[in-house]
Structures are given as C-alpha cells and as structure tokens.
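Let's start with one chain on its own, the form predicted alone, as structure tokens.
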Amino acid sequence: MQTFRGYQRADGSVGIRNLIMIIAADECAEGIARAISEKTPGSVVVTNYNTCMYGGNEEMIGTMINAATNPNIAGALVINMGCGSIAPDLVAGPIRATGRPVETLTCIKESGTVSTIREGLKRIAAIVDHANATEMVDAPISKLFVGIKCGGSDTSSGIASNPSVGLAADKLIDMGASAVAGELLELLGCEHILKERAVTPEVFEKIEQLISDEEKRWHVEGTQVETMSVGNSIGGLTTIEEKSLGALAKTGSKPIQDILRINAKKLEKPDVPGMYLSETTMLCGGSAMHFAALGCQVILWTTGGAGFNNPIVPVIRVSGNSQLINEDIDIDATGIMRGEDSLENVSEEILKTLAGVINGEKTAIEDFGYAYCSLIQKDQRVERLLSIPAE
C-alpha cells in the first residue's frame, strides 16, 4: 500500500471522498440546509446547535472551518439566519483560502426560507460541478492521515481490537503515513509510558500537561461526572486506569511526534509524518468532527460491538467481542479471543480493508447510521476557573 487513488485539492491534500459540506452556522438555518441537502447528492450538513453568538465559541467555529477544509470535502455552502453574530464569511473566508469553492447565504437578506432554499440550490450547483470536475490522482501514502478511536470498550478491546489496530498503525507509520489518537482522559495513568515515546523534551512535557488538563475537566470536586460508561462496566472494565491501559494499545509503539491541540486559540495539524496524540474528545460523535477538523480522511475504530459513524470521515469498525459482533463490524477480531488468530493476521486484515476504503470501497455502514456531525467545545468559563490556558 504505497499509493491510493483520491481527489486532488488545490491546497495539496488528497481526499478519499468527494463531498460537499452545507454548514448551518446557527441552528435556525438547519432546516434550510437540510432542504438543500435533500436535493444535492453527496452533500453533508453540519449544524452549530450551540449558539448563534461568536464570542467564547471560537473552538466550535474553528472545528466547522477545519472540517470544511478536510481533504474529503470539495466545497462548501455556509448559511445563517441573519440575526446572530456568526456571519457566514467568518466561516467561509478560511475555507475559500484553501482554494475550495464556497458560497454564503443569509436567510433574512434572501427574503425568507423558500427563496433562500431556491437560491441555495442554484449556488450549490456550481460547487457540485466543481466537485464532479475534480481530478483523481494516484497519491503517495504520505498523504494519508488516519484517526484512531475506541468506544464501547470492554475486556476484548484491550486484548484483541486495540492492539490489532496499534500494530496496524505501526505498519502505517513505517509505510510513511500519519496517524493520530485522541481522548486524553482515557490515557490517564499511562503518561510514563507515553512520555518515553516523545520525540522531544517539549512533547514529553506536553503529554504530562495536556493529560493533566483533561483530568481537571472531568474530575471537578463536588460534581458527579461519568467517565466510564455503563457499557464499559458491563463489558468487564473496572477502573479508568484499566480502561486506559487497553486504550493505550491502539496507539501502537512508534515515537509520538506531538499532541495536536484543539482549543479556542488554535487547531494544530501534523507537520511531519508519524504518530500523534490529540485533544480530540473521548465522546464518539464529537470526536469524529475533531478528526475531520485535524484532516483525517478515515478512522479506525475499536469497539465491543456498538458504535458511531460519520458522513465526512469513513469509520472502519474493529471488534473482538463475539457476543456483540454484528454486520456493522468491518473487521472481526474475535479469533484472537478464542486463541485461533493472531494480532499479526488481524492487523494485516485491517490494512487490507483500509486499502479498499481509501480507494473507494464503502465501509459496512458508510451511507447510513450516522452520529450526525456533533460539534463540541470546551466552555471557556470553566477553562478559566480551572486555570487551563488555551495557548
């Protein structure tokens, strides 16, 4: 797997899908966005359900902008109602700077919903023409950036699916690709192991600091916050540390180039090939949008059996739980649990499936069952109270 066939973008990136994003910059515009999407094949709607106000919501705005510049996106249409403070050009400007076609619409200026939908269908037609004319190229594997996530974890995750994905990630890095894992809370207790893989003293310190910051967010004295799901406990996991050691296995063994931050001030992307950690949330739906914003074209996702999906970034599902495995799962790792298969064999199966998906094959549930583009952001007021800097 030295190359893949993808869509060449003006900014030099290469997508494995050729989608058009319709952004409802405030939730009042969502109905308009979905009406346009229903008549536009290959379109994806992203809605900001959080607020129509800008100040304090920069992380969420940044996630929308960077998701729209994901290699899998050919162009975008940005719509707002017109009475809030998130102007469409605030989102559209950075998208346009990457060379992608982008149009904006404001419902109030367009004289209402019906006329905005009518105008939106006209404007998106030009973006569709651009997407259809996009050249496909044979891209080097160095253009591939793979997100790695776990969810619905159980005792099989740390034994079968996570280490299989970790080994596959090691092989991808050796080929010249890049990969990134997130959910720093689920690496709590593993800092000493991770720091030994840091490529520089700065990354060494960053691992300690950012995992500590995430622990502060989820363990505020006097509050009751669920950091392990009921499904984790039913699946046999007993502590966050036990869960962390299983989750750690999916990051493989290669040197860690950096932790990519996602906050109100910045959204960092990789600058050299290799293995990365990131501030992507441990919450599945939101994590997919974080991975999309970082620039991942595809996600490897390990699970006990349940799961999420995303319409921007295809999700390849790997499970080792024979009781919960079903037709949603792309890679069956249950043979490892029975002692009938090896990590080596399953990692090769993961790479074989990945090669198919990045060359156009669909994942098991690619066209349906979405956790639909959840946007998540850290509350700036809480960050300030916890003394967590955004820099």
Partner chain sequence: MIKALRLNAADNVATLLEDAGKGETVLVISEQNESLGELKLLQAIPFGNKVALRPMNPEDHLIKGGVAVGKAIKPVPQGQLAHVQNIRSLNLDIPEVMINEIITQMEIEVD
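In this text, all values refer to a predicted model and were calculated from it rather than measured experimentally. Positions refer to the first chain, counted from 1.
The same protein also exists as the form predicted in complex with its partner chain; that form is not shown, yet it is the one meant from here on.
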Quick check: do Ile159, Gln224 and Gly236 each get a heavy atom within 4.5 Å of its partner chain in the predicted bound form?
yes
Given that its partner chain is not shown alongside this chain, does Thr98 nevertheless sit within 4.5 Å of it in the predicted bound form, heavy atom to heavy atom?
no
Though only this chain appears here, would Lys122 touch its partner chain in the predicted bound form if you measure heavy atom gaps against 4.5 Å?
no
Just to confirm, Glu242 within 4.5 Å of its partner chain in the predicted bound form by heavy atoms?
yes
Quick one: does Met337 come within 4.5 Å of its partner chain in the predicted bound form, counting heavy atoms only?
yes
If the cut-off is 4.5 angstroms on heavy atoms, which of these, Ala126, Met228, Val114, Met136, is the one near its partner chain in the predicted bound form?
Met228
Checked Arg118, Lys109, His130, His219 for heavy atoms within 4.5 Å of its partner chain in the predicted bound form; positive is His219
Since the chain is shown here on its own, which stretch among 189-197, 176-184, 267-275, 249-257 would lie within 4.5 Å of its partner chain in the predicted bound form, judged by heavy atoms?
189-197
